[in-house]
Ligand code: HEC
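In the block that follows, a single chain appears as structure tokens, in the form predicted on its own.
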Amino acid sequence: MFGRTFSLLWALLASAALPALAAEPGLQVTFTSQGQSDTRVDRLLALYVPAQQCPTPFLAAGPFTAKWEGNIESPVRGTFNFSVETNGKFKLTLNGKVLLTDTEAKTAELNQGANTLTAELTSAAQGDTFIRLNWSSKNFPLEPVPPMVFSHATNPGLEKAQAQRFGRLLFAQYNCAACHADATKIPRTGGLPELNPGAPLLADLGKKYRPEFLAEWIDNPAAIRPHTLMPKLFSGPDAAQKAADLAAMLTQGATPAQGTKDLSQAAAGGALFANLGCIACHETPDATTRDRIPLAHIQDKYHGQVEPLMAYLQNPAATYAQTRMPNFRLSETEARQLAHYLLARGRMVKRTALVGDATRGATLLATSGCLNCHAGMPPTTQPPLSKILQNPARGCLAEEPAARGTAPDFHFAAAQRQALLSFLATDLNSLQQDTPAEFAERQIQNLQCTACHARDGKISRWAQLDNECKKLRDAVPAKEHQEGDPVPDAPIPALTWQGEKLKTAWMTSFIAGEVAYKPRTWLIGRMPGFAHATAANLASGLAHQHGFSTVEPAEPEPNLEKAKIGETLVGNDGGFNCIACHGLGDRPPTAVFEAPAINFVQTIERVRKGYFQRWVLAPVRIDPETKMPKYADPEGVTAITDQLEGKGPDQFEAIREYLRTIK
């Protein structure tokens, strides 16, 4: 699953690549509350559960226990110091021996290979429950035990729980409740955030889309875009005619104009397609493979029209609030270039179109369930959920067409069908609630965050497409690189530690596309914006996954005495010369190479206090590709001994106090 994995040798030597673990990554964790249990896999031995909230969506709120089981994989024998931060009763067992029962650090020797681990937590009697397992050694300072060293063996109980989670997500994504309503089991608001996702608005389709394409899409959407959430509505010998009738109704009164393609702008659009990371989620429009979301149909869909495609690219959520397509805040020029590229490289299908009847189509629109998703209308012809639960293997979930009858065909794979059946066998109470940590994990997959970002040692899909990106960039005449220009091959930040690193409020704004500045000006890519509610839940979930609250503790006013020392330490006269690369508010860096580093004022706004200290002590341990030098030795001592006795942690704290004074 994780591909290239960094294991304990990485922990010892900072960045040595190891083969993939034989077992599955992460730890199995079993929660028990009110006599009920639930199991899942966690990346880290970390947890945050606010008081009076459920530990998992499948358990009730209240006191709980959690038990992590798995291995710490080690390629070498070594000695490590383990410690825990927690509000709850905790016990850690390594290789059958109890190591920790309180927050005092204890030393343990890990064997080469798999070391069995068991950790048990009883929720806090008062306040929020949290846990963070840390370690250190003579080679590195205190840090969270990284996810790259954890593994677990799968088992039937875990597989069942995972299937139920997958089915719960599918139930929401495919909007099953839009047709099969049940007010007692399915909340209209609250609960599982992905519930009631709706579908694109059906307005003005005739002005944008080619009717013949729309008819083919309605007839069999999965043939055009695999894994689409849109079902094949009609079956039987007249299915294609019904699709044509519905398309005629949806496009009546308007016909898209024949667009013109400007090949002179297509090359620049192709470079944008590579540089913005579109290629990480989508195939190029002239591709014949379908490893990613295909775009070959765009020319056929828009009939070569540039303007409606530009409008979509500049605001994807305009007609579909819950779209997964993010907003890249494209300029008009960028949107036009991208649109010309997509249209110039796509295909036009020559088809003998059936003549549709808009009147028959209007009847089908009302009776086929279209408006349940596309307009939020209450179901009128579909059976309620209570009836579906009596025989869930029929209708939409039937494997054979005869058992499906007139129900829509969602082209479910066997694993999807079994997951939905597994979820429908539960009491469905999990639809009434959710946890931020699990929401974040689902959305990292759903929004394809790892298409652009590395995570837990696995490189991103974008990084694996260098050859394709280079071809698109090379089609544009090269220009001489100027200092400050973005660098095409600069690595995108990894997701591994973002929940520990970034303040939740800032992370929410950044994911939502609401931060006006670009922290890393040297990146050729651009962080797009997602819906604010999604961004807020995702940011909260990432913090909880790392065992942190969503709110940083309030800090006193900066210590001016320490700040004075910090001002010296960031300078080039008796300091680390941080100002060579980093700007200080309005003051630019003094000796930039290629591009300036992140402005220090932004660092204080963005980064949690604890992570700042961990990063400055050992940056290469966190990011092996960083250009940030390491200033402290393994004992935390720096070369500047005339300030704070050379104690790195104290010096870096003084630097942070100084940075807090800069406006």
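Here the structure is a predicted model, which is why all the values come from computation and not from measurement. Sequential numbering from 1, following the sequence displayed.
Separately, the form predicted together with ligand HEC exists; it is not shown, and the next lines address it.
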| query | finding |
| --- | --- |
| Exercise: residue 62 in contact with ligand HEC in the predicted bound form, heavy atom 4.5 Å | no |
| Any non-hydrogen atom of residue 636 within 4.5 angstroms of ligand HEC in the predicted bound form | no |
| Residue contact check: residue 161 to ligand HEC in the predicted bound form, 4.5 Å heavy atom | no |
| 4.5 Å heavy atom contact, residue 308 and ligand HEC in the predicted bound form | no |
| Complete contact of 45, 68 and 649 with ligand HEC in the predicted bound form (any heavy atom, 4.5 Å) | no |
| Residue stretch of 260 to 268, 470 to 478, 98 to 106, 313 to 321 approaching ligand HEC in the predicted bound form, non-hydrogen atom distance within 4.5 Å | 313 to 321 |
| Ligand HEC: the contacting residue among 175, 137, 433, 111 in the predicted bound form [heavy atom, 4.5 Å] | 175 |
| Selected contact from 536, 119, 502, 437, since only one has a non-hydrogen atom within 4.5 angstroms of ligand HEC in the predicted bound form | 502 |
| Partner contacts for 451 to 466, taking ligand HEC in the predicted bound form and a 4.5 Å heavy atom cut-off | 452, 453, 462 |
| Comparison of CA distance in the predicted bound form with shown form for residue 594, residue 652, at least 3 Å | closer |
| Change in CA distance between residue 595 and residue 652 in the predicted bound form, which is 3 Å or more, as closer or farther | closer |
